[in-house]
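First, one chain by itself: the form predicted on its own, in structure tokens.
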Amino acid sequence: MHYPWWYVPVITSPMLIAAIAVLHVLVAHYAVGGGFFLALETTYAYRTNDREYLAYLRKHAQFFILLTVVFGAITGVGIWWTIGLASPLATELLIRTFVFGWATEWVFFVLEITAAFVFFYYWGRLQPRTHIAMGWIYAWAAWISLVLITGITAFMLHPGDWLQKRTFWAGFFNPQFIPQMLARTGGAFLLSSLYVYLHASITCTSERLTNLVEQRSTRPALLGAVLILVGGAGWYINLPDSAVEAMFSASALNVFVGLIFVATGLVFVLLYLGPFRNPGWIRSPGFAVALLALGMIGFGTSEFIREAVRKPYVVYNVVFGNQVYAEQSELQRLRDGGYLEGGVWTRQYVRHNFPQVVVGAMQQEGGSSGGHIDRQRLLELPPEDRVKLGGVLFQYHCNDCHAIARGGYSAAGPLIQGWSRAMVRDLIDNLHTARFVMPPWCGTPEEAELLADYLMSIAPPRPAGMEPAPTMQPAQRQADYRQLSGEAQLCGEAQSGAAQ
């Protein structure tokens, strides 16, 4: 609430977060699973003195570093940038609650990056034992980073006992932690094997080497698919009730849930029938591409659903999607004092641009200072100013989930197309009862009038030829009811006489 809003046209900021997050996890999980692949396979190649395999692993390490360190780092920073702008209150809460966890994760991240560069750039210049140690240091540091981040992101879906205890460990070991850790570890193993298949199918010219890569990468992939399904089942079992209902009430999410299990199950079957039972399939780049695409679809869809089912919250039962703490005292403060008055940025905006609605303010050049916003004066503004302030209310209260214009994601205007102003005004008062995935209205009745003015200004007109029927007056409704009651009574008497 006490942060300036950030509007992303058409797709909205949450959808931008989801897009960047999906791209990031598809690479970040390869960074974890690929680390174990390189550490394990380098150990095997040194032990068997397989120089050809070592040469291939060096080429794969270069591909791995470019994709995970460069692209992964850029998208990781992109996530922080977007969540800080789109969900600043939730981001502040996560930083304050888990500052020890974030600091620890950064220590392991620095260790991970250092080990990765030493492992690759000193290839052939280190003793085998030291080189192998660098690979394992990287692999375990990357996995620990995954565990730490999983505990924090899982907290957003289900804080568990944190609301009562308010401690780091109560928030970290939440009901979603173990299921998501299993699923993400499985995703790391599965995706890394699929990336290895693709890289080997394109770069390996030796049939022996291709078969070796295929043979040694299939079992981790099968294990990863099983862990994803087991972790996914635990994730569903430990979902809060609101998240379950949000998932089943959205047709698209139902389709996506089915897509996760279909894609993951299909990858498992193809891995078992192909590389596991009939080695040689990955010599075809087309098969490797298809496998990787299916794996990305399944895992990427699961990440999208994780982002989507938290409504109406950003952090379940703690922060609403409109950046307001989900506490009755906070809601009452905003409803009594005003949503515009209750936020630092909104309050200053009104003082600067509409000083005529501020009472007890000292007038100064460019606006006013001090005083408070008079609720009644808001309604005395000219229509164009009422709409403008209603737009401000929309940006702070609704913009995190709704675009404005037709064609945007969950655009507010088309959702109320054809509605009367009375219907829109009633919806504002009953947001959370009309649709449980929306937060409650957090402003005053006067501010609700301004928001209604704005929503009516962006609602598309009713289509031609679809004019509403005349509204029935109460007297006419009562007369029709009496007439229907009389006809029903006569019909009952006639049926009774026929039966006799």
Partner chain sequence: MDPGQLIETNLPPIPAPIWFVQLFKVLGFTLHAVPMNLWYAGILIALVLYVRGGEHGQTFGRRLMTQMPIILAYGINLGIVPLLFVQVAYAQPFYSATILMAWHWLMIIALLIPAYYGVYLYSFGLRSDGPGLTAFRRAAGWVAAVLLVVIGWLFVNGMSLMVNPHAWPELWKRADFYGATLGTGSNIADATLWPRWLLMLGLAIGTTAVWLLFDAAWFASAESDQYRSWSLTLSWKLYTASMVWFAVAGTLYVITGWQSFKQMFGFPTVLLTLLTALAPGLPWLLLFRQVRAGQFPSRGVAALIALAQLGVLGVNAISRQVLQNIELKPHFDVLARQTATQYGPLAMFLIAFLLGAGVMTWMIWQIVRPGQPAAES
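Residue numbers count along the first chain shown, from 1. Owing to the predicted nature of the structure, the values given are computational and were not obtained by experimental measurement.
Keep in mind that the form predicted in complex with its partner chain is not shown, yet the notes after this line are about it.
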Answer range among 346-354, 374-382, 248-256, 226-234 for contact with its partner chain, defined in the predicted complex as heavy atoms within 4.5 Å: 346-354
Of the options 422, 415, 99, 202, which one has a non-hydrogen atom that comes within 4.5 Å of its partner chain in the predicted complex? 99
Taking 4.5 Å between heavy atoms as the contact cutoff, choose which of 123, 268, 261, 281 touches its partner chain in the predicted complex. 123
Is it the case that 140, 149 and 181 all touch its partner chain in the predicted complex, with a non-hydrogen atom of each within 4.5 angstroms? no
Tell me, yes or no, whether residue 401 is in contact with its partner chain in the predicted complex, where a contact means a heavy atom of each within 4.5 Å. no
Contact test in the predicted complex: residue 238 vs its partner chain, heavy atoms, 4.5 Å: no
Flag residue 387 as yes or no: does it have a non-hydrogen atom within 4.5 angstroms of any non-hydrogen atom of its partner chain in the predicted complex? yes
Can any non-hydrogen atom of residue 75 be found within 4.5 angstroms of its partner chain in the predicted complex? yes
So which residues in 112-136, when you check its partner chain in the predicted complex, have a heavy atom no farther than 4.5 Å from it? 113, 114, 115, 117, 118, 120, 121, 122, 123, 125, 126, 130, 133, 134
